[in-house]
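Below you'll find only one chain, the form predicted on its own, shown as structure tokens.
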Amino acid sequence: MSKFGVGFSELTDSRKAGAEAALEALDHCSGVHIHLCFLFCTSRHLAEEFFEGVKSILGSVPYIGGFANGVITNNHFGYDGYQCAVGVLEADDMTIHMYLQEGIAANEYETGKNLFHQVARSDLNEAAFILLFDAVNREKGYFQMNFGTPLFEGARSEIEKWPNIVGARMMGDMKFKPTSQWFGDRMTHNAAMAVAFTGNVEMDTIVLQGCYPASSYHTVTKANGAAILEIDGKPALDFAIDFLGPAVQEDLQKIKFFVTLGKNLGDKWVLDNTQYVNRMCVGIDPKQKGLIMAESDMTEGTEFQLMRRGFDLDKIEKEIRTLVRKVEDQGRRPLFSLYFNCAGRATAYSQQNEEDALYVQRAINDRFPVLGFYEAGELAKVAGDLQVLDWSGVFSLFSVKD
């Protein structure tokens, strides 16, 4: 019987934290044969020491994971501190396939192409996929974002259609320090990596949106890469100031991480929140009066709406419970869940009064393990195409037939 165990630690000693989390995770499994280990910790930890601590308990098993801004388990959650989590999988009747492509910095298209060239050779159309890639490019000594848009374009050049796939863009803190990653039995960085599950396993996913339309439609009339330079023929920065009011003129940095634009991939005149892809402003260019976005797909001609942040916490709990009930009604046993949560949804950054992690935990109610982490862009399919999302939570439930 397949099993999954999760462990958590907040110890400040990185090696001891890794060992404590791994030992707790192992307590929920037989320990006879660990087929895969997920591991995540914040950038406050020494990555090598944390990894050694985990390996001191689990030994030589396949590892995948890296830095995260925080983690979520059934009974714990936290961010910006020394939080870490380990998930171990015993998969008696499934097969695990792992793929790695390093060197994503300023090379996203080729990275996606080469990674999914490996995938295409494996004939895994029915697999459940998790894709993780480094968000942080500091190869030139300053921060740049690794973009998902060209990565996905490269991938699409190698595959006919997207498999059942979710994932995240990884970071270790809100200052975007370099990201450490683990794959196989070693450390890496600036990498895209994937793990696929075949056999007796299914993955069901829901996207928990965090924004709602707050304006009529507007159009990008000039752009350069991830920078929007004009909106409706007006400098993009002036457009944002006019919308937000004179208060931001004294401190233009208030615009950063606040302005969020939404693309409706469904019917333009039907409000269906599940069809929206949100794009957050991560910087401003005062010289060109531009808005620098978290992705590079807000090209000239793109129609969007300004989005209001906020999510219905009770709806989060209801939607997860509905998904679990559907899976169980189909005769499948929930094995474990992964929760990819935008770091901006945390109360410290969202101005929400309560953490959405609490409602995820309450919805699950210890019926199966959950392993979640806070990241810089969750990945899920919207309108059939893989997207990097902002201000969303992606909840994936893995289930088996016993």
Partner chain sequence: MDNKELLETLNRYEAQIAELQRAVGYYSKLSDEVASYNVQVDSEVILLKRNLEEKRLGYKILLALHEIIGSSINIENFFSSTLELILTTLNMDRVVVFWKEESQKSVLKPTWFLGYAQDEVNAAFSRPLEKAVFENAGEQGILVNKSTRRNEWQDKLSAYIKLPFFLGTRIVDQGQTVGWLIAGREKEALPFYPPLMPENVETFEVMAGFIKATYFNFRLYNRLEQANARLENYNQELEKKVEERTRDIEQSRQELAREKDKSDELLLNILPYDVAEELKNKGYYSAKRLEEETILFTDFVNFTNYSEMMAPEDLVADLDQCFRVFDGIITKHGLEKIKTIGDSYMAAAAVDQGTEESAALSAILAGIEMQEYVQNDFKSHSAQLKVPFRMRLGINTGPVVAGIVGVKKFQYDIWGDTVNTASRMESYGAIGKVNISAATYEYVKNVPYLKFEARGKIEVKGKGEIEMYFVSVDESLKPG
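These numbers come from a predicted model, not from an experiment. Numbering follows the first chain given and starts at 1.
Keep in mind that the form predicted together with its partner chain is missing from the display, and what follows is about it.
- The closest heavy atom approach of Gly81 to its partner chain in the predicted bound form falls within 4.5 Å.
- When its partner chain is considered in the predicted bound form, Ala348 lines it closely, a heavy atom lying within 4.5 Å.
- In the predicted bound form, no heavy atom of Gly301 sits within 4.5 Å of its partner chain.
- Its partner chain is not shown here, but in the predicted bound form it comes within 4.5 Å of a heavy atom of Arg308.
- Out of the listed residues Ser122, Gln249, Gln330, Ser216, Ser216 is the one that sits within 4.5 Å of its partner chain in the predicted bound form by at least one heavy atom.
- Note on contacts: among Arg321, Lys289, Lys263, Lys177, the single residue with a heavy atom within 4.5 Å of its partner chain in the predicted bound form is Lys177.
- The stretch among 333-341, 348-356, 24-32, 56-64 whose residues place heavy atoms within 4.5 Å of its partner chain in the predicted bound form is 348-356.
- In sequence order, Phe243, Leu244, Gly245 are the residues of 228-245 having a heavy atom within 4.5 Å of its partner chain in the predicted bound form; the partner itself is omitted from this view.
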